[in-house]
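Quick setup: one chain, the form predicted alone, written in structure tokens, and binding and motion questions come after.
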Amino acid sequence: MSLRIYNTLTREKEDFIPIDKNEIRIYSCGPTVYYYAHIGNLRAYLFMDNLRRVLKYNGYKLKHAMNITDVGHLVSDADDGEDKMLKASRRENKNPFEIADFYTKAFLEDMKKLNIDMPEIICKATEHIDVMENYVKRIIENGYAYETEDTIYFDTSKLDKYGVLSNRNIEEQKAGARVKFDNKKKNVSDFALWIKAPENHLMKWDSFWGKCYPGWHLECSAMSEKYLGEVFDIHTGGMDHIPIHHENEIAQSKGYSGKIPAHYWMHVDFLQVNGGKMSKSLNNLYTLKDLEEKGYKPEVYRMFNFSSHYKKPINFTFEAMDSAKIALSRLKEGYKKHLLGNDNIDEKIILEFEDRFLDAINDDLNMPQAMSVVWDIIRYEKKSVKLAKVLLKFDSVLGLKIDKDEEIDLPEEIKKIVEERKVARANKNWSKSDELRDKLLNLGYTVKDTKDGMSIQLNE
């Protein structure tokens, strides 16, 4: 089965036809680094990772860019309210650049913990101000912008249509501006490209129009064009990006080159908590660190996300996380059981499993269906090392590291006993080693000595 993906632009599931079969070009909207990413944010990057892995599984090479928004944008994704970076700056009594550096590192650490296959290009907005400035100049030259006293706006009335992605009526579209509504705007849907910075504004740069800072939507258009060209294959983001941010990206691109920048637009749906929205007021805005402190490894959250298709909402509960934790453990144990099997299995069975898995992932990344194939292999009565190899092949898409034992956080008392036993074994004091092994067993931990060293597991 050829790869088929749902295209928000056409509102249809389509065959994926690359611009250049030798290299798929992708752009993903990255984080605004003003605070820790919460698990709703992280779902978008797990989807991005899943897309990358499926494309690679199909044999494609990738050129993928993702931005880091360290200039800041407004509190609402609908572009109103206070600037996120400046708000964080006051909250922590640091300058915005320190804020951005700290939370960029925290975000990248979360990506590493989740085993996310990162884009080839990570581009920070603050390192591309000149690129954005030149992009704005060309939009102005092409007649798609106008100036007010303190803002250069994109003129949406110059487009053949504004709202091609969301199909919303232009009059219903909220203003896309960094600043409060300017009654000098020509159209309610016009949005800020370039803004003159007030004297006390913390993030500003010298430009053709004086001390300025860019509109939020501008960075994605400018950096995708720089790294991927005027038109590329796939653009990804969250559902919340459709009505404003991605519409404005398309508008800017039309104003710059006359083209819609991506052939396929893919959007991941929201994560809910206990059937409702996440919010600080409900005290349910969880981060990856919060989950770890509650005893859930990052790979458990990764496993949890495979329970729903990316285009559907997913409901987070701790009961669901408990189920994902058990499922991940069973998956790894099932892999080990097959690893101890023999090679005597019909190749037709292998091919059938591989075809079913490929059909699932190529059907718009249908991971719940793909996981059903995985579980059929785990439950397969005849254990075979060949099936273990198939599971490992599938794990290049799953990213669950099924061939690695789950790491556990050991109490200090247990760590000391483990280290003491390592010394005993190094000194070939086997009786002491056995004594300490039994002591660990009585404390609830099983020790296994392998050619690669000592492993320890918590007894269930």
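All of these numbers come straight from a predicted model, not from anything done at the bench. Residue indices: 1-based, along the sequence shown.
The next section is about a form of this same protein that is not shown, the form predicted in complex with a small molecule.
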Testing 382 to 390, 331 to 339, 236 to 244, 348 to 356 against the small molecule in the predicted bound form with a 4.5 Å heavy atom criterion leaves exactly one stretch, namely 236 to 244
83, 269, 133, 110 - the one with a heavy atom within 4.5 Å of the small molecule in the predicted bound form = 269
If you check 370, 288, 378, 278 against the small molecule in the predicted bound form, which one has a heavy atom within 4.5 Å?
-> 278
The small molecule in the predicted bound form: within 4.5 Å of a heavy atom of each of 31, 38 and 41?
-> yes
Any non-hydrogen atom of residue 394 within 4.5 angstroms of the small molecule in the predicted bound form | no
